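Next up is one chain by itself, shown in structure tokens, the form predicted on its own.
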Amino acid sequence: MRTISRALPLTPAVVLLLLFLAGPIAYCAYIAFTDLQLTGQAEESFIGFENFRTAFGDEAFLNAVWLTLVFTVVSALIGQNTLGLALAALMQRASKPIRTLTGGIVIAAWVLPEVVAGFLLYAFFRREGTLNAILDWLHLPSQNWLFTLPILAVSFANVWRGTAFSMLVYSAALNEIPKEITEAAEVDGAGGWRRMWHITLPMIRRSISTNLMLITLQTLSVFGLIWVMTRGGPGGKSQTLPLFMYEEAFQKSMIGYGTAVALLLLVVGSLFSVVYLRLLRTEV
């Protein structure tokens, strides 16, 4: 009876999770094994693993998987994570006005709606955009960055927009390091890099793992930013899995196939989460 009374307050939350999270995921899992289409079909039929076999035999899908990995590694694991840590470390020693100004600028990019950020970065990288205007002023060669290097352009855009989250996570983690430890290391003659490598990073490793997991999952689901800047082009050179899924499901009307791709993306995100959680567990 006591167990029931303790679980009763959780009932509304559990019902909502089942209704709006577990229910849609289960329905999507079912659709992934059908040939459901948006138009031109009376009823769907169960086709087993055919959608998944089609995906792994589709060069466009394999290209989207590769570009998703590149986009995630470059913009999240390297870009946001490293730049966020660097900004947090530099702001520890900066004056209060500098910290306020830098934090305000970085966080402003983070709170912008994804579509607005996409238009801003499109204006920056386009042929007649700000970047080429600066290069022309410096008498350096310019190019159409959204055509020649689209995946790097959208990766930079994601770094610009998402670094603030990593900066806030690492700022909180660095503030938890006792000053006595860093001061003692400094007295012993340890330079900045040695203190960072041997003291700071080991003491915030749990924050690093948590941050990597969160920004990886966020980056895997980025859609609006890339769609506004390149729409996955040119020729699929910046088409990550979310854009490929959208094209197959809603532009080509193959809901079953698109949902199968979405399920594979969910599996990829789950694998990343398992790796990070195991890293956290080994550090306890």
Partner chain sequence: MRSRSTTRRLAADTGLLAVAAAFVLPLAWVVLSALDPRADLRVKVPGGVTWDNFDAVLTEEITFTPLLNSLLLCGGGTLLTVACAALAAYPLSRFRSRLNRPFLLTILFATCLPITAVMVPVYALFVQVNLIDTMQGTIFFFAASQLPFAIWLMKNFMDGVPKELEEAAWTDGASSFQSLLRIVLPLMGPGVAVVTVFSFVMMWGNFFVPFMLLLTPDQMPAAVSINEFFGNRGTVVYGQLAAFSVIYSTPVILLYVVVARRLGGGFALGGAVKG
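Source: prediction; values computed, not measured. So that the term is clear: the rigid core is the largest set of C-alpha atoms that superpose within 1.5 Å between two forms. Numbering follows the first chain given and starts at 1.
Below: the form predicted together with the partner chain, not depicted.
Within 4.5 Å of the partner chain in the model of the complex, a heavy atom is found for all three of Leu120, Ala133 and Leu168. Taking Leu67, Ala55, Met245, Ile215 one by one, only a single residue has any non-hydrogen atom within 4.5 Å of the partner chain in the model of the complex, and it is Met245. With the partner removed from view, the residue among Ile181, Val115, Ile78, Leu140 that has a non-hydrogen atom within 4.5 Å of the partner chain in the model of the complex turns out to be Val115.
In the model of the complex, at least one heavy atom of Phe223 sits within 4.5 Å of a heavy atom of the partner chain. The closest heavy atom approach of Thr259 to the partner chain in the model of the complex falls within 4.5 Å.
Among residues of the shown chain, Leu201 is not one whose heavy atoms approach the partner chain to within 4.5 Å in the model of the complex.
Interface membership of Leu152, defined by any non-hydrogen atom within 4.5 Å of the partner chain in the model of the complex, is ruled out. Residues Arg206, Ser207, Thr210, Leu214, Leu217, Ser221, Phe223, Gly224, Trp227, Val228, Arg231 are the members of 203-237 with a non-hydrogen atom no more than 4.5 angstroms from the partner chain in the model of the complex.
Shown in the overlay between the shown form and the other one, fitted on the rigid core, is a CA shift at Val274 of 2 Å or greater.
Core-superposed comparison between the shown form and the other one: the CA of Val15 exceeds or equals a 2 Å shift.
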